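Listed next as structure tokens is one chain, alone, in the form predicted alone.
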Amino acid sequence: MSAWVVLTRPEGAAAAVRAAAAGGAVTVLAVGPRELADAVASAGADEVLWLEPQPGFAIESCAPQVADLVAADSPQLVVGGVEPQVRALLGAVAARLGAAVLSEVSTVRADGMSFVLERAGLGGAVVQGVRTVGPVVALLAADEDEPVDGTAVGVRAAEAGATAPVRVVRTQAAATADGLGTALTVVSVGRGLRSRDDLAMVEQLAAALDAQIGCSMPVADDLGWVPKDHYVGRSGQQIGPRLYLALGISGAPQHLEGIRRAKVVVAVNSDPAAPIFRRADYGVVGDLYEVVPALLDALGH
């Protein structure tokens, strides 16, 4: 049996290879510059292939070629991350293999001729166990970066193949919240905030800490209490402050992806089982309406 890992960035390579090992010998297909392939050569795979898009073409243009390369080996397990480009590539792979596709996967193990996968459900509130026979495509949930420090294997360039006509015609900086991406301290608020008016005390705390304001996706998208370019998550701002203070944020995988580079995470949540506490360096189980005023008092505000 064999397994493949498809990557477009080095983050998460070690975890992906470890998950794929349940399917047998692991081949990593690094889609991007040669530096990417070199960076993941020590992630523990048996082989690393390198595929670079043609100049001026998007990574997604490689989808037919990726599907051809993977399908030629008939693997029973293919693993990738959550970034949109990998999803596009793995969609082509799954279609070619006729494979099942499972998202938010945390672990994979072989059980006879089938695979047992665990994945998050209900925003991380439950863990679902799924059994399936191969072929299966597993999209790993975002997790902490792991060091890639195994024995390096050689990198081999993939043979040229079919591509899709997806060209890059323009690249420009996206509009972002001023200062949020470079802030040393970020105070973020979630659905634990009961009303828009109560945002004032969060803003007061942010001012006392010389911090930028962030939020979870529902606060911006569903409620509109904070501008949309301030929400932190996989599809929003991905930040790396020295201190990230999460107030009333449960910690859905989407949000945790946005703070994976944060140095110190402090969480305040009334639910002791909130997933945010698994990522937090310091946690306070309590009502933010009691904790925030206490912090303001301690700061002399």
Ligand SMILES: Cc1cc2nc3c(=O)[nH]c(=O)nc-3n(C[C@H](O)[C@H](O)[C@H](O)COP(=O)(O)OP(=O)(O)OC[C@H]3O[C@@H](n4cnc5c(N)ncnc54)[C@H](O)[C@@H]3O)c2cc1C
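Just so we're on the same page, rigid core means the largest C-alpha set that superposes within 1.5 Å between forms. For every residue, the number given is its place in the sequence shown, counted from 1. Quick caveat, the model's predicted, so the values are computed rather than measured.
Just so it is clear, the following notes concern the form predicted in complex with the ligand, a form of the same protein that is not shown.
Annotated contact segment (heavy atom within 4.5 Å of the ligand in the predicted complex): 232-240, selected among 24-32, 53-61, 38-46, 232-240. The closest non-hydrogen atom of D287 lies within 4.5 Å of the ligand in the predicted complex. When the ligand is considered in the predicted complex, P218 lines it closely, a heavy atom lying within 4.5 Å. Under a 4.5 angstroms non-hydrogen atom cutoff, the ligand in the predicted complex has S250 among its neighbouring residues.
The ligand in the predicted complex is not approached by I259, whose heavy atoms all lie more than 4.5 angstroms from it. The partner is not shown here, but in the predicted complex the stretch 181-196 reaches within 4.5 angstroms of the ligand through a heavy atom at G190, R191, G192, R194. With the core held fixed, A25 shows a CA shift below 2 Å between the shown form and the other one. With the core held fixed, the Cα of G251 is displaced between the shown form and the other one by 2 Å or more. Comparing the forms between the shown form and the other one on their rigid core, the Cα displacement of A274 reaches 2 Å or more.
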